[in-house]
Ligand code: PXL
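One chain comes next, on its own, written out as structure tokens in the form predicted alone.
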């Protein structure tokens, strides 16, 4: 039996429940050896704090990748989250091309936008590079804003199922067979995940918690990755990940002063047997 070695590529905030500080414990508790390729390091999360330090690790990523190639280090899967610039996306592509086992799984969360706008520091050139990367993915996990940017479809706050299916059709044309669009809501009291699996559409709905914190997308993508690698279907993985995020938000509500991330640690054990 092969003991899977998983690589996650994203930034790391030394303090803050997001990116690598979320992905590493979640994938580990799911039972996988979890390796990391940080693309930048921050003193703390950029939300909920007054200031932060930032160090770009683009050049270091290339050096690390070449050392892995020299030592024939291979990974069973790669999951990417927030990537800071075009060079880092190129570094990710190099890792996918040189450091994965045959039939490895590639999961890309194009974390670059929300609420209709790009995150600071990103532009159309970056979006176009992400479009190219979509063809490398076995699973693509955008939110609605990111899906619109990747398909050149105008973002809408209010939409119907026809709009979401249109997004998924165009996303699939980028070359990714399996898509999960997060944060899809057709009514105020619920939200959910729209699923596209080799041309088939489905929707997983769940109740909405009146609490919003950064990092829930990272929790979803990490749990989704763990579930996929445990051989769950894309729909099962989306439900498992959504349910866990919902539990995290209910846990976070218990701590009114905690504003910079989802409280997931007290319930992490629930992922051990997914």
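Positions refer to the first chain, counted from 1. Computed from a predicted model, the values in this text were never measured in an experiment.
Form predicted in complex with this ligand: not shown, discussed below.
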Self-check item: Non-hydrogen atom contact residue 212 with this ligand in the predicted complex at 4.5 angstroms
Solution: no
Self-check item: Any non-hydrogen atom of residue 47 within 4.5 angstroms of this ligand in the predicted complex
Solution: yes
Exercise. Would you check, heavy atoms only and a 4.5 Å threshold, whether residue 149 touches this ligand in the predicted complex?
Key: no
Exercise. Using a 4.5 Å heavy atom cut-off, state whether residue 82 contacts this ligand in the predicted complex.
Key: yes
Exercise. Identify, from the list 239, 42, 246, 35, the residue with a heavy atom within 4.5 Å of this ligand in the predicted complex.
Key: 42
Quiz item: Within 4.5 Å of this ligand in the predicted complex, heavy atoms considered, which of 163, 119, 155, 186?
Solution: 119
Quiz item: For the chain seen here without its partner, which of 21 to 29, 249 to 257, 262 to 270, 6 to 14 has a heavy atom within 4.5 Å of this ligand in the predicted complex?
Solution: 6 to 14
